[in-house]
Ligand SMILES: Nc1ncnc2c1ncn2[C@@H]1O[C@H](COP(=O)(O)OP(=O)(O)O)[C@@H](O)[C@H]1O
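One chain comes next, on its own, written out as structure tokens in the form predicted alone.
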Amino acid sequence: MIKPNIIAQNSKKVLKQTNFTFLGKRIQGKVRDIYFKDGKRILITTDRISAFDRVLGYIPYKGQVLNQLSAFWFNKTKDIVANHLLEVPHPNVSIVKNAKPYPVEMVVRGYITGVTTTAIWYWYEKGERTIYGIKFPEGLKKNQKLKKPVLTPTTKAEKGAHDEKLTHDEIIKKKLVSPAILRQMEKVALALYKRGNDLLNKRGLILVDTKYEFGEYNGKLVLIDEIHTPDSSRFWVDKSYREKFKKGEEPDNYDKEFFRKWYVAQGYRGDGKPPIMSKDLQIKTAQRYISIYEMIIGKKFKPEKYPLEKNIEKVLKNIYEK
């Protein structure tokens, strides 16, 4: 594990954003900078961290962890559905197919938990029993395993906006995607969740919930964005889950939920001015991202040397300025 003092030193050198004019116009997402070149998309995963649909700061090594984990999972799931990944020329960079994104995020949940306004537990705790068009029984407790994984789709919010809950029928009614594509997305999302959970169980982890984004490329459905990362997924430690649940304690986790909970404890859920991230939170978040990478990949994390911009620029110029 990288020592806390090294993480603290690199917190001043993090990859906040890029501006490579030789690649043309840049679109800035919450975490990724996106360029379009030669009919492809170039995704540069920065160290920005978002929660509650807001960018709240920067975490050293986060971009590298996300990009490399996604590449790992894209390879592990390509037999289930085609994905957009073409190559990874740098640990923070992916060159991908220029797929047209669908405006729906497919979220699969195997447990009732969460603190955001799109989480099942958030509404269940308020007394709701039909959530996302799904009827939930009385007596469920926070963090309880559901009888079977459920699909809880959301809108794909524009930058600065919040994701909103959707039901299967609402997606059809609003014509966000066709019925045939939606059925395919639902089937594939459940299959991806099962594949992810099966592999993670072998690593001593539980895939609690996760989101998938899809697009269209050459008339076919493709998986885009990222997959089974601590940004898009919730991971719990299998060995201690049952005992923690019995005691009513929060499960040991290796995801972004503890980061969200820090902000909730400060009274922040995405509206108004966010509190400034503490240095301790920044360091612990970096350590968790690196830990989950090593647990999933099964190899020691090899950090890129900061600052990253010059090396990324050199790699991309070798590709696009020949």
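When you see a residue number, it is the position in the sequence shown, counting from 1. All values reported here derive from a predicted model rather than from experimental measurement.
Missing here is the form predicted in complex with the ligand; even so, the following discussion is about that form.
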For this session: May I ask you to state whether residue 32 is within 4.5 Å of the ligand in the predicted complex, using heavy atom distances?
Result: yes
Exercise. Any of the heavy atoms of residue 244 lying within 4.5 Å of the ligand in the predicted complex?
Worked result: no
Problem set entry | Partner proximity in the predicted complex: residue 98 to the ligand, non-hydrogen atom cutoff 4.5 Å | yes
For this session: Consider residue 43 of the chain shown here, and say whether it contacts the ligand in the predicted complex, taking contact as heavy atoms within 4.5 Å.
Result: yes
Exercise. Since exactly one of 145, 156, 76, 203 fits, which has a heavy atom within 4.5 Å of the ligand in the predicted complex?
Worked result: 156
Problem set entry | Listed residue (84, 109, 90, 234) with a non-hydrogen atom within 4.5 angstroms of the ligand in the predicted complex | 84
Seminar exercise, completed: Here the chain appears without its partner; judged in the predicted complex, the stretch of 223-231, 187-195, 246-254, 120-128 with heavy atoms within 4.5 Å of the ligand is 223-231
Seminar exercise, completed: Taking the ligand in the predicted complex and a 4.5 Å non-hydrogen atom cutoff, the residues of 115-142 making contact are none
